[in-house]
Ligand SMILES: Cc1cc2nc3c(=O)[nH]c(=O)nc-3n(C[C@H](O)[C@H](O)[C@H](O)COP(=O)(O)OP(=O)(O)OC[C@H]3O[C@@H](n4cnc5c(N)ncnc54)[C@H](O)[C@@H]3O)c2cc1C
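One chain is shown next in structure tokens, namely the form predicted alone.
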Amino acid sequence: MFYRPESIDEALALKSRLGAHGTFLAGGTDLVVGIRKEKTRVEHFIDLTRIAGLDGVYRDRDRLRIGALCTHAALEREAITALADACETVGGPQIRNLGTIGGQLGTASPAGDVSVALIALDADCEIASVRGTRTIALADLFVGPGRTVLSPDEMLLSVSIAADRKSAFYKIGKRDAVAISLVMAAASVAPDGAVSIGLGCVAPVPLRARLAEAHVREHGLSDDAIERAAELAMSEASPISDHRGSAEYRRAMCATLVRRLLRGLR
């Protein structure tokens, strides 16, 4: 069956009734690939594209609220450096014009470029169901490859980030875009000096480098502190070896990227 709700309440009611048998559809860039490869089976589609307000970017004082249906192409034009740069690496122009933030987060790929950027921006997620709404840290959304903490009746509504953080994103891959990253990292610094660091392709989920962050929080961004933070980030990674690169290389690149990003954010 194919459903086209026209409000969030209607979509949540459908998801509550259908549960895991109902699949949300927006841009469909990951979903269609999964169906074609016979890795994804869909019984009921819940098309979200008629719901107003889910595709916008809204500023509320020092916060930026990004609707789950906001496309990567739209966020390329935002002034949040890490987020804009990460969105530019997602596929080609056609994919970026269709693919949504909610779709990438729901896919829960360890190689989610935008997921890593949002983790580094200390993002929160607003999640809703007919039972109510809740807010969690984005870094706590992922529990494994392709798996999130969302219950079968829940829907991701938006992501919220601080708009006043200085940030940067960097990836290593065969190409700048239209290629799965080998390693990626993002970092941001708040006006009070707090640092957040995200890593991708080095663990089963997009990873927040909390030990490295804690070291910088205590010791600042001196050369010695950055060097130690880079070492700690490398220790937090648990990459695998595959046809794109070895675990040893990925772990070493964690340190290299964190070092580069933190030096650039001083």
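In this text, residue numbers run from 1 along the sequence as written. Small disclaimer: the values here were computed from a predicted structure and weren't measured.
What follows is about the form predicted together with this ligand, which we do not show.
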(Q) Looking at heavy atoms inside 4.5 Å, which stretch does this ligand contact in the model of the complex, given the options 189-197, 132-140, 155-163, 73-81? (A) 155-163
Q. Would V90 show up as a contact with this ligand in the model of the complex if we use heavy atoms at 4.5 Å?
A. yes
Q) Would G27 count as touching this ligand in the model of the complex under a 4.5 Å heavy atom rule? A) yes
Q.
When the contact criterion is heavy atoms within 4.5 Å, does L31 count as touching this ligand in the model of the complex?
A. yes
Q | Any non-hydrogen atom of T100 within 4.5 angstroms of this ligand in the model of the complex | A | yes
Q. Does every residue of L48, I95 and Q104 put a non-hydrogen atom within 4.5 angstroms of this ligand in the model of the complex?
A. yes
